[in-house]
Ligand code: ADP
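One chain follows as structure tokens, the form predicted alone.
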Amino acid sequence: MKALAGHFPAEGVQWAAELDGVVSLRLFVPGWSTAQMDAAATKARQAIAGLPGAQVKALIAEFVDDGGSVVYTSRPGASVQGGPSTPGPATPSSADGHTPIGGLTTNNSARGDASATGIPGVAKVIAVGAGKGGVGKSSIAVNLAVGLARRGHAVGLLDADIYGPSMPTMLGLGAMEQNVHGGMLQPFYVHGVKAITLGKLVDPEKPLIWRGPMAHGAFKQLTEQTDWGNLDYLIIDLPPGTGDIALTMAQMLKLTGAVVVCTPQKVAQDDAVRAARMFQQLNVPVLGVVENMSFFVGDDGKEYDLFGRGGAEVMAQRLNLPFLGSVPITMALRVNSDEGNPSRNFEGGGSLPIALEKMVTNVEGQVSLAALRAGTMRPTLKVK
């Protein structure tokens, strides 16, 4: 901070951080022109680089207004990955209309839309989608990931719900900071799962008013510029509906399959059918349907069919799709989700842990069948 003296008002430096030679600054200097901001950022970079032992690969200076929103970003000198970078406003500027997230640069080696491939080190990729919002898709994605991890699998969870990321709350990430190392996002490791979410890269109260190309670019960065390591499963929580992100995912990645989440009532089934047909049209195998909020378990232990239990199962039969299980809504599920502790959903007795374990088992079975159909796995016989 001392190195910044003389370049910015002392009260204007809100925070400064350094990781792997990349220095990030957030500054409040009302009334400055863009030329003044660029010049000051350049001088600040030179001053920091002049400190004993300092090795500055890049400096990212974000200038904010009195409400905390970024109005201008200056990147003097080298970029995060060592290429040239020019300062500019914090608005979409790349060819696809997407501004790189949080100091990451656009990956020039990104795969083209015409060739869907896998993610290096990731064995199976499962998308969790729904035709409409509010059916508990994110809850199913989180509990599926945690359930697989509890069985000894290496699991990643990508929160691709660009417009409404809920993983920071459901996984308890509130106090954690997103780290970038060598130009790659480092996933959080919680509840035995490696997780990445856009919710930790943007202001939690700022709406993402993005056009399709911007959402497309954000999804590509979250997928391709995350250091996943070796995973048995990567679970992708999609936004509701049949829009840009689902299409981008299907074009970019070779998916093992998709899980469709639906509540029992007819209005939810109508949209779930569209989601299932979308995956089929995109040549993504549908592993099956999960009926969420199938019934409510009260404090008295009684079960109440609030939305008409069994509707999603009938829909799955009509579409000739596997039924992966019915998951109830309970007080414990709500509390554990709000507190960011999904591991508790698998503990103790009752209908919730039994239903979740059954769902995980059925997903594992459908993944094995999908691998057999694809010719990537051979049947085995165990003799005891």
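Not measured: the values here are computed from a predicted model. Note that residue numbering begins at 1 and tracks the sequence as displayed.
Beyond the structure shown, there is the form predicted in complex with this ligand, which is absent from this document and is the topic of what follows.
**Q** Taking this ligand as it sits in the model of the complex, is residue 342 in contact with it (heavy atom to heavy atom, 4.5 Å or less)?
**A** Judged by the heavy-atom cut-off of 4.5 Å, residue 342 is well away from this ligand in the model of the complex.
**Q** Using a 4.5 Å heavy atom cut-off, state whether residue 41 contacts this ligand in the model of the complex.
**A** Residue-level check for residue 41: no, no contact with this ligand.
**Q** Using a 4.5 angstroms cut-off on non-hydrogen atoms, would residue 334 count as touching this ligand in the model of the complex?
**A** Close contact exists here: in the model of the complex, residue 334 approaches this ligand to within 4.5 Å, heavy atoms only.
**Q** Using a 4.5 Å heavy atom cut-off, state whether residue 355 contacts this ligand in the model of the complex.
**A** Contact check for residue 355: no, nothing within 4.5 Å of this ligand in the model of the complex.
**Q** Which residue, 37, 359, 329, 60, has a heavy atom that falls within 4.5 Å of this ligand in the model of the complex?
**A** Flagged contact: 329.
**Q** Using a 4.5 Å heavy atom cut-off, which residue among 73, 221, 139, 269 comes into contact with this ligand in the model of the complex?
**A** Looking at 73, 221, 139, 269 one by one, just 139 meets the 4.5 Å heavy-atom criterion.
**Q** What stretch, of 288-296, 252-260, 271-279, 222-230, brings heavy atoms to within 4.5 Å of this ligand in the model of the complex?
**A** Of the stretches listed, the one contacting the partner is 288-296.
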